[in-house]
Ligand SMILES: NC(=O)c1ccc[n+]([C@@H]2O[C@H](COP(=O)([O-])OP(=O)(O)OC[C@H]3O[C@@H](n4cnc5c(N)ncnc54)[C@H](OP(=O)(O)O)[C@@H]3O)[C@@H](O)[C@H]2O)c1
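For reference, the chain that follows is the form predicted alone, supplied as structure tokens.
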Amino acid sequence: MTQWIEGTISEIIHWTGNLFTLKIDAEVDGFTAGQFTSLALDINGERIARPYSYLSAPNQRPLEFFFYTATNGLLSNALVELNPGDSVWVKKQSTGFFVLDEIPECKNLWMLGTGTGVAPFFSILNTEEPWERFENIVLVHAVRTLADLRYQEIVRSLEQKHTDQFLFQAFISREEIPDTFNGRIPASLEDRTLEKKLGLDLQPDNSHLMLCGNPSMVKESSEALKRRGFKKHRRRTPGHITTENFW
């Protein structure tokens, strides 16, 4: 049975006109990095809820969430209007299998995300487990414009702390920005330009990929990888690709 608790907005950051972050004080149950909970508001007498992944690590407070306002998104367009001190409903329990416990042993872990789909990756990367398990970790963040490329302070911190272990690459589809890919993730997996630029071999026998965000990116990237010999990971049939769609 869903148990809702009342959280309090401690901070809201408006990155762009439709991209924002909420920091929430709420006494939720413990969760695993990569999992999601649900947030809700009572709108016109009805509780409107949607699942959102934690961007914050399990030991970090306040809880942090990263949003786009969807064109017809009743909840996201209401959340963006909140102010510090306002209340929001938070589901006390978290769920989800987009976690490292589900990832088989391998040498290199690739995290490919679009837009706010990088949230669970930051939650995972701000724990000790990935750095103890994997020899190399790649984070790819694909956005439309440079203004959408957020949380670079976390990226820089990870680069400084894990100099010989962490690689980051930004994709910006609608602008040409130095040191970024002007294009889409699936094409770079198809022609192998991503791994060539990073200087890191991407093969089924040494790598696992976590894909999160835009369903089109997830689908097309998975198809490109399958043509290269990668396969979907399942508990009973271990593979190389773990996915989570963000809508």
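Residue positions are given as counts along the sequence shown, with the first one as 1. None of the values given here were measured: they were computed from a predicted structure.
Separately, the form predicted in complex with this ligand exists; it is not shown, and the next lines address it.
Shown here without its partner, the chain carries Met111, Leu194 and Thr242, none of which come within 4.5 Å of this ligand in the predicted complex through any heavy atom. Stretch-level contact check against this ligand in the predicted complex with heavy atoms at 4.5 Å: of 157 to 165, 121 to 129, 83 to 91, 70 to 78, the positive one is 70 to 78. Listed residues Ser222, Ser207, Ser56, Asn214 were compared with this ligand in the predicted complex; Asn214 is the one with a heavy atom within 4.5 Å. None of the heavy atoms of Thr21 is located within 4.5 Å of this ligand in the predicted complex. Contact between Val143 and this ligand in the predicted complex is found at the 4.5 Å heavy atom cutoff. Contact annotation for Arg61: none of its heavy atoms lies within 4.5 Å of this ligand in the predicted complex.
At a distance threshold of 4.5 angstroms between non-hydrogen atoms, Trp4 is out of contact with this ligand in the predicted complex. Annotation for 161 to 179: interface residues with this ligand in the predicted complex are Ser173, Arg174 [heavy atom within 4.5 Å].
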